[in-house]
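Here's a solo chain for you in structure tokens, the form predicted on its own.
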Amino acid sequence: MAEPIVKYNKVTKYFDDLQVLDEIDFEIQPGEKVALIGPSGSGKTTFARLLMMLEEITDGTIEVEGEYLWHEKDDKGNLKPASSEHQRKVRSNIGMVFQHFHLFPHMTVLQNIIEAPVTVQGRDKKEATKAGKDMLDKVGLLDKADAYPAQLSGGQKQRVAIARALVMQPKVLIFDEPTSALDPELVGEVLEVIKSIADEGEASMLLITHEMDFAKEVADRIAFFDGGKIVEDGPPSDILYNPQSERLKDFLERFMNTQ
């Protein structure tokens, strides 16, 4: 087995006195697609936000491509808090697609997509524009390059957000419930785009989702979170059809009863 592209080691997270993650050990392999499922408040979104550095780690370490994310080594080889320069370098390998799109309303679709490659990565604007148009074509929205977010449907906005993440060429791509803010009739178009990206197989993917059929179809593994811990972790067929813990059995039964 290859070296993991992402490695959590005894990762703990508190919000004041509330423990949200409890000594999580977890690895993602290069190119692997992992779905996270579990009830609201189980810790799965916080787990992803620590990787994106949107929440601060309380204890433990996270590595990306063998480099510590929140730490770096001093001259004696001991871990110390990472400098902002070190954090930016390691985090540049990670992209995230949020529930609520987070597009800049005053920018066109294409401007939204090329803003980070130009300002963060320092890429040539002409090259970034070509790459941005290629990504828009990939998500089926090249004809919307000059439109503004207010002129798009929710599904189109989310596809633009996916193109914006892809243009950064991340090695790890996080999807945080990418369809939860969409009207039901728009969910399918976004899931199809994510599935096509997954089928290409290049980036590792972390998918936080309540779409069980989608998780079964796309993911190599599913991890079930509950109470800040990973209760079960395995192939979709085992997790969804042969749960071992009562907690996962109850979750799946409740979930199926609400569908």
Partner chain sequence: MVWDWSYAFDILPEIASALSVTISATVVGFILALVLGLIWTLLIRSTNKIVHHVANGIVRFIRNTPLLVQLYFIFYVFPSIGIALDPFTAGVIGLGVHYSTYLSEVFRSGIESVGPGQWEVATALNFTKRKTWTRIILPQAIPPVIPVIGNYFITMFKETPLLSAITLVEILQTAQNIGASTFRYTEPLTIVGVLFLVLSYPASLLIRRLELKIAERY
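Positions refer to the first chain, counted from 1. Predicted model only: the values in this text are computed from it and were never measured.
Unshown form predicted together with the partner chain; subsequent notes refer to it.
Novice: Only one of 231, 52, 212, 57 has a non-hydrogen atom within 4.5 angstroms of the partner chain in the predicted complex; which is it?
Specialist: Contact check passes for 52.
Novice: Among the candidate residues 96, 131, 187, 142, which is the single one with a non-hydrogen atom no more than 4.5 Å from the partner chain in the predicted complex?
Specialist: Exactly one listed residue reaches within 4.5 Å, namely 96.
Novice: Can you check 160-168, 178-186, 73-81, 131-139 and let me know which stretch has heavy atoms within 4.5 Å of the partner chain in the predicted complex?
Specialist: This holds for exactly one stretch, 160-168.
Novice: Contact between residue 92 and the partner chain in the predicted complex at 4.5 Å, heavy atoms?
Specialist: Looking in the predicted complex, residue contacts with the partner chain include residue 92, since a heavy atom lies within 4.5 Å.
Novice: Tell me, yes or no, whether residue 152 is in contact with the partner chain in the predicted complex, where a contact means a heavy atom of each within 4.5 Å.
Specialist: Residue 152: no contact with the partner chain in the predicted complex.
Novice: Indicate whether the partner chain has at least one heavy atom within 4.5 Å of a heavy atom of residue 105 in the predicted complex.
Specialist: Residue 105: contacts the partner chain in the predicted complex.
Novice: May I ask you to list the residues of 114-129 that have any heavy atom within 4.5 angstroms of the partner chain in the predicted complex, in sequence order?
Specialist: 115, 116, 119, 120, in sequence order.
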